[in-house]
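Below you will find one chain, with nothing else, as structure tokens; this is the form predicted on its own, and questions on how it binds or moves follow later.
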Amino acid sequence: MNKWEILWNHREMILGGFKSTLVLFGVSAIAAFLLSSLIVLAIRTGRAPFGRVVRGVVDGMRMLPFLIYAYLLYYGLPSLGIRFDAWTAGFIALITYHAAYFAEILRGTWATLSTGQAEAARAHGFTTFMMYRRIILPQLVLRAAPVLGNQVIICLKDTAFLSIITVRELTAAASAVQSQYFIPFEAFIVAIGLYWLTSMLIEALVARLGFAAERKGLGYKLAAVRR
């Protein structure tokens, strides 16, 4: 039987893994961004001791290799009496790990904004959270769209590491097929193609955000960003 025919006969397994990857990625990326929005607010406006603790946790998270972090959550915590199933551990790993990176991107972008906006918002009766949600955060997203988009793509690719904790996502499905029939090239080429198509879609969405930012005078020229 032709190697590509083998893959076609196992398309349901591959597509099932791809669907799992999309669920892991979509839920984790959205949750990580929402969590990062709260984290950066705590760092920028919280009381000094609390803000420093949050910043320390973010910095510590960014120093961890994602693979080791996911491995510890699934295989290490049971020794402390804490057990997660593979999917729960995968979600926790992706959300908390990438929230730290999103928070750092937003924090750095916030530092470039004029302080006059906050003063004007408070003069008009805005609370800190209302000002952040309606004035600051939209600007942060538009200004940092290319960098945020890059981090989103990294989040997508990091789902592949979850195969080590038995999550049956795309990489695990491709690995299962190739190990049974010894067709590593064909199996992983298909997996790479699906990751690539998803990444191109993300890049297209980020480009639209970039153009929206340019129209509002909040972003940088897309060509300059790519250089």
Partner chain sequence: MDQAALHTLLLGAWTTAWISAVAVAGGVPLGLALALLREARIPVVGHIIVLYVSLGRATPLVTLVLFIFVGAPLLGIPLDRYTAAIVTLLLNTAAFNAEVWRAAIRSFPHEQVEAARAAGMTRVLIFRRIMLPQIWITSLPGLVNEMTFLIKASPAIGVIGIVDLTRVTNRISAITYEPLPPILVAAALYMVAIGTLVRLQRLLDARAQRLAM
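Just so we're clear, the structure is a prediction, and the values are computed from it rather than from any experiment. Positions refer to the first chain, counted from 1.
The same protein also exists as the form predicted together with the partner chain; that form is not shown, yet it is the one meant from here on.
Undergrad: Check, residue by residue, if Val23, Phe84 and Leu148 all come within 4.5 Å of the partner chain in the model of the complex, counting heavy atoms only.
TA: Spot residues vs the partner chain: no contact at all.
Undergrad: In the model of the complex, does Pro184 have a heavy atom within 4.5 Å of the partner chain?
TA: Residue-level check for Pro184: yes, a contact with the partner chain.
Undergrad: Is it the case that Tyr97, even though its partner is missing from this view, gets within 4.5 Å of the partner chain in the model of the complex, heavy atoms only?
TA: Contact check for Tyr97: yes, within 4.5 Å of the partner chain in the model of the complex.
Undergrad: So in the model of the complex, is the partner chain close enough to Arg62 to count as touching (4.5 Å, heavy atoms)?
TA: Arg62 belongs to the contact set for the partner chain.
Undergrad: Looking in the model of the complex, any heavy atom of Thr171 within 4.5 Å of the partner chain?
TA: Yes - in the model of the complex, heavy atoms of Thr171 and the partner chain come within 4.5 Å of each other.
Undergrad: Counting only heavy atoms, which residues in 186-212 are within 4.5 Å of the partner chain in the model of the complex?
TA: Those in contact are Phe188, Ile189, Ala191, Ile192, Tyr195, Trp196, Ser199, Met200.
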